[in-house]
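Taken one at a time, structure 1 and structure 2 that follow are two forms of one protein chain, written as structure tokens.
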Structure 1
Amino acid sequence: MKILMFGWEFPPHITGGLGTACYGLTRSLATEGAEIVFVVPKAFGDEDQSAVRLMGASDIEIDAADPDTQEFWKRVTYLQIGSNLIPYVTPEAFRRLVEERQRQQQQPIDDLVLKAKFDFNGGYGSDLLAEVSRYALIAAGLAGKQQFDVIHAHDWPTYPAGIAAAAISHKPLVVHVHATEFDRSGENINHEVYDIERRGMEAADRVIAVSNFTRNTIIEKYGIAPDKVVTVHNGIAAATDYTGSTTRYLKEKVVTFLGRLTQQKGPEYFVEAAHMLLQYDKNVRFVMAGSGDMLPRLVRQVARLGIGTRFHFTGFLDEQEVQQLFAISDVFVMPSVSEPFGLVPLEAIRANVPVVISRQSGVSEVLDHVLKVDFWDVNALADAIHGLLTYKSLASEFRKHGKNEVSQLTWDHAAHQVIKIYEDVVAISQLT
């Protein structure tokens, strides 16, 4: 089976979980016999290409005078560039971006995209939509030349490419939803992005959702037919054991939050639960690791509640520091309001830290040996943390079963289901 795959990032050049997921999935797909051409905006040359053949869109020139190119371009011009676009990443980055954009004089889009040579930045910079368009154009060109059976596109920046490639090649299209606009922006969604997502899902022969939680969003908020949307839970790659410092300098128990400090991660519920607990038990410290636009508000909240001596902000932590934090943590909490999957709790469990997660997370669907609460139910959240800190056998039951449970969540398992989906869509496309 030959797959033409579109992804916006690939390790080691990643900004979030998307690239990691693409890498894990393609490696296992390759062991199942899939041959994958993976198209990224920009190839850096240091990517691991053992499982895929990586192509950078930057390296592909086009001839604007070629009638084919003109034809392809017609198919992708529905993208309205220059309007308010929320990029893929964080809301605070978005704010910067909008300001930057306002300072710049915009080049006419056709000229920009139809240059012979286009240097992609990759990532999610201010030219994101131009890049998305150019990327789609190149995809259309590629689709005419490459031999493949299925097109597989990961998240919205690659959906236009997937649609264009499918239109040219008449091959089945699978779009893979790792996150939706609702996960990134709550209810204040960007409508351009939403439209791109919805068109991608509508055009696809199958939509893969990373959890039932995301699947429900796709069905309810994008109006996609349920029988077209399939859940394939993410895997987690094996990790090397942490060997750094595990010294605990604090005598109090430590409860940890780790993630971007944005509304969707629910950090304020963590603060409220901390406040409740500290009224009963002073021998606990709370650590909030990560950065984000909500930080000032959270600091004020902590100050207002008068728990500042027991509640600590660390800012952004690198991989090593994260492991160090896990090593001194007694409980990890992920109170996300909307979390398509959620890898961090799995890392915590692997570091032997018992976890409390919200039911509004995809990962809660695949874990039994965790405590699950609704993100808004601060009483339940506080009670869960209290239980883990107080009743010893609970944490030890979790430690006994947790690692084993996480080790079952493999990319091989996910890839196996994806192959089935490929076979399905190929079989159906051959009938028609």
Structure 2
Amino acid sequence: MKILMFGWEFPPHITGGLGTACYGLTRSLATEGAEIVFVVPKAFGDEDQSAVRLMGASDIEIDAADPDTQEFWKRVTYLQIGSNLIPYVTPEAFRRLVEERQRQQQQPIDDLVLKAKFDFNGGYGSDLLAEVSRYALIAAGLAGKQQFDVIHAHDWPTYPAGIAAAAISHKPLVVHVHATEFDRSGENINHEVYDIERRGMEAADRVIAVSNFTRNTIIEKYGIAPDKVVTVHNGIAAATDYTGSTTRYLKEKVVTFLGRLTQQKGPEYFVEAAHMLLQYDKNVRFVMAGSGDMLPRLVRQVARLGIGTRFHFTGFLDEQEVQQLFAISDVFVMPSVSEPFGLVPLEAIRANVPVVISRQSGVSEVLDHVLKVDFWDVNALADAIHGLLTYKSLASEFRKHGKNEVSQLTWDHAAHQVIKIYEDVVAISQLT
């Protein structure tokens, strides 16, 4: 089975759980015999390619005179996703785009003007929609030259690329929903992003959801037929031995939050619970690890509540630093408002840290030996943290049985399910 896979990030260049999930899944798919070409906007050269052949869209040249590219313009005119879209109408439009690009760079225009490469940032900045559209154009050109059986697109920035590749190749498309716009933005959704997500799900032969929580959102909010949406829970990679220091220089207990500081992750509820708990237990320090757009607001919240001497912001941590933080943590908390899955609680449990998670998370479907609360119930959140800090037998039981649970959640199991999905869509496509 040969897979053309589109993703937006790949370790070690990641901003969240998406890249980690792609890495874990592709490695296990390789053990199942899958051959994977994994395309990212920008390849840095230091990625682990032991299980995949990684291609950077920045390195792929597009030729407007190429028959596959012209076929794309004829067939995929509906991929308009906002004012930043590259014109997909005629080779002349593409030529004008390249000419303007060359004028900006003060380069001479010659007979090869119809050939161009596009520079991708590969991040999630203000030009994301423009990069998404350029990425789709690259995908169209690539799909006409690669031999593969299935297209697999991870999350909304790659859905237009998946649609384009499927239109050129006539191969089945699987889209993998790691999060939806409702998870990221609540009810105040970005309608351009929502439309891209919906189109991707509608065009796909099969939609993979990372949890039943996400599957229900896909069915109810996007109107996708239930029999088209399959839940495949995430796994966790095999543990690597932590060799750093485990020396504690703090006499207080340590309660940790680790994640992007965005509305979706509920960091403000963590701050409120910290304030509540510190009213009757001063022997605790709270650590918030991560970065995001809510950081200034959270710093102000901590200052307003007067808990700055017991609350610490670390910024983004690399893998080794995360393990060091887990080594000194007594409780890990994930109070997410809407979490499609949530890999970090699994990592915390594996590091012997008892966990409190919100019921509004996909990972709550697969874990029993954790404390679960509603994200908005700050009283219950504070009580849960206090219980794990106070009752040693409870924490000990959660550590013991939690590790057993996590050991069953492997990427190999997820990959086996995904292979079955590939086989199904390929079989169906061969009948039609």
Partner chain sequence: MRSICFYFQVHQPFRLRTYRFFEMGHEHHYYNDFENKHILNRVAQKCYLPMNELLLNLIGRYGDKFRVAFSISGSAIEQLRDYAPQVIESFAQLARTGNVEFLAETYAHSLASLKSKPEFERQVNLHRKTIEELFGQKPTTFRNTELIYSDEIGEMVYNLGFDTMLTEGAKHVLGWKSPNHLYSNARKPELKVLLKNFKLSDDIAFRFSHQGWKEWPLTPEKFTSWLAKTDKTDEVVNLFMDYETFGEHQWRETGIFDFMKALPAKILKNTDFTFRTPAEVSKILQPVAAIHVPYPISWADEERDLTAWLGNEMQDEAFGKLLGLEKKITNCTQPDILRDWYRLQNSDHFYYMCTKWFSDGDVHKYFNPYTTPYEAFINYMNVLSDFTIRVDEHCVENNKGEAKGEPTIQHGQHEAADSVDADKQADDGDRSHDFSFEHLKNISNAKLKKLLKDIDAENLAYALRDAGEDIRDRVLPNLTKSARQEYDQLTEKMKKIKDEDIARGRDKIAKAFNRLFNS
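Residue numbering: sequential along structure 1, first residue numbered 1. All values reported here derive from a predicted model rather than from experimental measurement. We call the rigid core whatever largest set of C-alpha positions still superposes within 1.5 Å between the two forms.
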query: Which of the two shown structures is the form predicted alone; finding: 2
query: Rigid core fit then Gln147 CA moved by 2 Å or more between structures 1 and 2; finding: no
query: Large Cα move at Asp195 between structures 1 and 2, threshold 2 Å, rigid core; finding: no
query: Shift of Gly223 between structures 1 and 2 at or above 2 Å (CA, core fit); finding: no
query: Backbone CA shift between structures 1 and 2, Gly266, after core fitting (angstrom); finding: 3.5
query: Inter-form CA displacement between structures 1 and 2 at Lys282 - rigid core frame, Å; finding: 7.1
